[in-house]
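This document starts with two versions of one protein chain, written out as structure tokens and named structure 1 and structure 2.
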Structure 1
Amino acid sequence: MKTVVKSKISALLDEIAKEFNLLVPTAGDGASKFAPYTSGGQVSLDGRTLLPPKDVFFPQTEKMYKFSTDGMAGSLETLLEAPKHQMLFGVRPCDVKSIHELDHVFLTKGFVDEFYQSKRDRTFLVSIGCNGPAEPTCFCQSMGVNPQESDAVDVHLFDLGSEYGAVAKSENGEAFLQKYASFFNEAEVQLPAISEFALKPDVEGITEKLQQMFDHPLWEEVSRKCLGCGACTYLCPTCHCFDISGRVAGNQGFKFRCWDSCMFSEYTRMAGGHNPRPSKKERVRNRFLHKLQYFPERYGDLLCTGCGRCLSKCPVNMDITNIIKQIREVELA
């Protein structure tokens, strides 16, 4: 396996930044997130970021179209810019899985979102494995994620202590390791054992169980303490609800989309005032059914990667692992 000493990572990133728009985990501005790399800047490679990397492909606010009118005539232009080739360096396996889930939503089932695709196709992924839970709230292993390794990337790095072990996962990854070969050595390595996860929700058969629980009183109980703040959806690496709005000035305007949340009462409110999810119960139920039933039925994967962000930041400590436990304890007639 190729290895790189951790003390050389800054020099390696300096070289990468000459070719790519390089995005790395940073801890500035009060919240860790992926941000453009600056030489000598703070790079945080010790764990997952608080804010997930989904906004790299699915920005929180994104202009889509501009239009103009002239009498009965008009014009419409797609605001699709081809971004410079970019690299996400230091993505954790749980977030790699989340990108795969977003690919399902934006690139499959007969429709391709060109705004998402334009950024996804031009992004080189370098992941870093975890040798155990990065945070006490992590439970990725229970959601089918290997915390130590990712496959759907270009290059994966194993944390070996003072070094990273590097493995190419694509042809582009092979070319990358050859191009920057001066930073790497060849060595026989043994991967560290994965330390124990404290949280181990059992999701075996959870989708089939939920198919029988749409009207179960559990949802009233679960939703009681929810504030409807939407923090869980904004921190979640797989939530992808959005709204499309517009701005018009004179005979010109533009359309843009921005993140929305199924936890907000306005999200499903119709023009006539009717709301099919009128209370917290319906909204909380929808969130968990989407994660654990609807998405698996449509795409074959759970829409939760076990990153633990929602557990760590929910102001009232709503815990999806505990909700899964309660679902499993329900006795159905």
Structure 2
Amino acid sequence: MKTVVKSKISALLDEIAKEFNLLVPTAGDGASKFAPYTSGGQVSLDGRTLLPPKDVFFPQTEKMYKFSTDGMAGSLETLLEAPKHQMLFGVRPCDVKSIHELDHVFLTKGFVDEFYQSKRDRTFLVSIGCNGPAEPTCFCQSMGVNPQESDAVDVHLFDLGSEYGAVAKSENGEAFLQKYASFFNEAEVQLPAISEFALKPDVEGITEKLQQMFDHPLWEEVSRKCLGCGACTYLCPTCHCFDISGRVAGNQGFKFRCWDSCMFSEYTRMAGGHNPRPSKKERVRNRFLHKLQYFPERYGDLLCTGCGRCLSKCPVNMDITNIIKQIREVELA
């Protein structure tokens, strides 16, 4: 396997940054997130970022088209720019999985979302494996993610302690390793053992079980402590619901889409005032059923990658692993 010592990574990133718009996990003053690489900046390749990388493809606010009006007349123009080729470096396997789920949503079922696709197609993915839970709240292994290795990327880096072992996962990845061959050595490597995860929710058969639990009192029970904020959905790497709204200034304006949260009361409220999900019971139920039943029914995958961000930042410790446990404990008549 090709290996690169960790101390050489910043030199490698400097080189890459000459070619690509390079995004790396950054821990600055604020929350850790993927941000443009600056030489000597605060790159943080340990653990996962607080903010998931979804905004690289699906920004929190994204302009779609602009318009101008003149009395009754008007015109519009699409604002879809092809971004520069970019590299997302240091994505953890849980987040790689989440990008795969976002691909399902934005690129399949009859409609392709060009705003997402234009960025997705131009992004080179480099993942870094974990040899165990990066945070106590991690549970990716239980959600079918191999914490050590990702396949749906261009290049994967194994964490071998003092160095990374690099494997190309695509043709572009091969070319990349060729191009930067001077940074790598060839070595026999032994992958470290994966350490024990504290949280191990069992999702075997959960979709089928939930199909019979829509009216179960469990939802009333678990939703009581929810505050109805959007912290879980905004930090979730897979949550992808959005709103389309506009901004008008005089006779000019633009329409944009922005993240929205199914936990907000106005999310499903219609113009006449009717709301199909009027209280937090329905909203919490929809969130968890979407993750564990509806999405698997529609796309064949759970909409949770076990990154643990929601349960680490939820103001009231709403814990999806615990809810999964409670679902399992329910005895259906």
Partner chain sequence: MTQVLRAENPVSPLVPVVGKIIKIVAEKIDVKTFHVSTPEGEKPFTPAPGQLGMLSILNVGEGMFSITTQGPNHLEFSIKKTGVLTDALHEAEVGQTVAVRGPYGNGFPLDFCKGKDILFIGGGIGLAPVRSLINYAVENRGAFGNLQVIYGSRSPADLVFKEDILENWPKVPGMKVDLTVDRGDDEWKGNVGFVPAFIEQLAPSPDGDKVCVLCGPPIMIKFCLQSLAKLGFKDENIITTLEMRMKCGVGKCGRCNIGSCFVCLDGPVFTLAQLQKMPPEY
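Under this definition, the rigid core comprises the largest set of C-alpha atoms superposing within 1.5 Å between the forms. A quick note: this is a predicted structure, and the numbers were derived from the prediction, not measured. By convention here, residues take numbers in order along the sequence of structure 1, the first being 1.
The form predicted alone corresponds to structure 1, not structure 2. With the core superposed, Gly250 shows a C-alpha displacement of at least 2 Å between structures 1 and 2.
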